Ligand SMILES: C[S@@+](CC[C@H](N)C(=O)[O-])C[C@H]1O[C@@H](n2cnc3c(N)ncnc32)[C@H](O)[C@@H]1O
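A lone chain, given as structure tokens: the form predicted on its own.
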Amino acid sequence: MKFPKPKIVSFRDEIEDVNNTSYLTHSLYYHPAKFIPQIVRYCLNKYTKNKGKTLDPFAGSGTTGLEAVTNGYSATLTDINPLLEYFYEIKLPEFSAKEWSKNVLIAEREIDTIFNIDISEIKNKKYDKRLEYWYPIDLLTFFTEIWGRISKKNKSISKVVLILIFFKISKKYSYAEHSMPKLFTSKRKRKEIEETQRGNGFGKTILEEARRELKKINKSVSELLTNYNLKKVDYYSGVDAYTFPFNKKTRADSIITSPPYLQAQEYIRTFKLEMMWLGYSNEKIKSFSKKEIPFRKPEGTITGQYIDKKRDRIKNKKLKEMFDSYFWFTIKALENASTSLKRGGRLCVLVGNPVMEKETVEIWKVIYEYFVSQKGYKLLDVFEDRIVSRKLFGGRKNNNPDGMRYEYLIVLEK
């Protein structure tokens, strides 16, 4: 099969009025493998009906949603991560600037109340044994007291803000490498936390951190509410794009999305500490992890000249199973989401080129082969964009130690 040649592009240069990928609430919280807002903006401008509706079935950090609502479009977002209902409530606000100011003041007072603690009195506090691996005992009992003072049942705006703040702080002051994808400890972090803990001076340090975080969140949300008339976003967290009834929930002019990467799908593990602090059981956490691509057995196999050729070159049995599972659930989830697309609607998918057993797998070609050759979609464009910054693959042992250097945006018409 002959494939089209990708057009070389820099989406950062194409969208000149966005020179900071973390502007507004794009940097509200850490999420692995975020795609830059310029890509979403480009797709909205060029491929979405003027002020129409877009869908992101792998919504992740909510980049598509935020770019949509700040530019006059509406959006529907779905993601397997159940915690996104906390993140999206603040990142994509439906409350007014007046309500926000009121709740920020409440949050300020609640932080001071929460930290009105005599650390010496909580030495023997019971804690979740699962968390012992991630904290020294003194810090663990301290955070247990802090989280116990935050009502997780009351989902007022101020409470959600406090939860977001302590999501971040609880990970930062753990043994986990908090600014990296997945969840793992390091000697560097252990040493850093032990120095923080020494002398029991961490209470004041963490209080100051909480106040700083509130100021940062307040600044970004206030800017968003002051300068934009936001459209409403419909979002569904903790749902599976493979089975979600998209055609019953929305009608979309475009889909703008970036599916999980072929060998870096443990996004649920990235948020495991946060889930434990909210009281999720191991069984509940595993129930979400098991739905991640490609940790389940596919019901069939995606076939085609290109994908069959790549599959035959993978000799390791487990890698081949991962390969088949990944493409089955990714392609079928995209197909399922596309049932919501109007006739003439556009499917915009950003993917990379991972390496398996030294074999480069060009995912966009599999998408092209399936949707164009087998499903009758029309190809509009394929772009190649150089990655400027990403922590997803670099610095750790894997089959692609230099990290992905390029990403590919394939745009199809239904």
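The shown structure was predicted, so the numbers you read here are calculated from the model rather than taken from an experiment. A residue's number is simply how far along the shown sequence it sits, counting from 1.
Not pictured, yet referred to below: the form predicted together with the named molecule.
- The named molecule is not drawn, but in the predicted complex it has a heavy atom within 4.5 Å of residue 58.
- The named molecule in the predicted complex comes within 4.5 Å of no heavy atom belonging to residue 210.
- Within 4.5 Å of any heavy atom of the named molecule in the predicted complex lies no heavy atom of residue 306.
- In the predicted complex, the named molecule stays beyond 4.5 Å of every heavy atom belonging to residue 345.
- With the partner omitted here, the stretch from 277-285, 251-259, 138-146, 212-220 that lies within 4.5 Å of the named molecule by heavy atoms in the predicted complex is 251-259.
- 240 is the sole member of 110, 177, 240, 89 with a non-hydrogen atom lying within 4.5 angstroms of the named molecule in the predicted complex.
- Interface residue among 182, 296, 155, 102, judged by heavy atoms within 4.5 Å of the named molecule in the predicted complex: 296.
- Shown here without the named molecule, the chain has 61, 62, 63, 79, 80, 81 in 61-81 lying with a heavy atom within 4.5 Å of that partner in the predicted complex.
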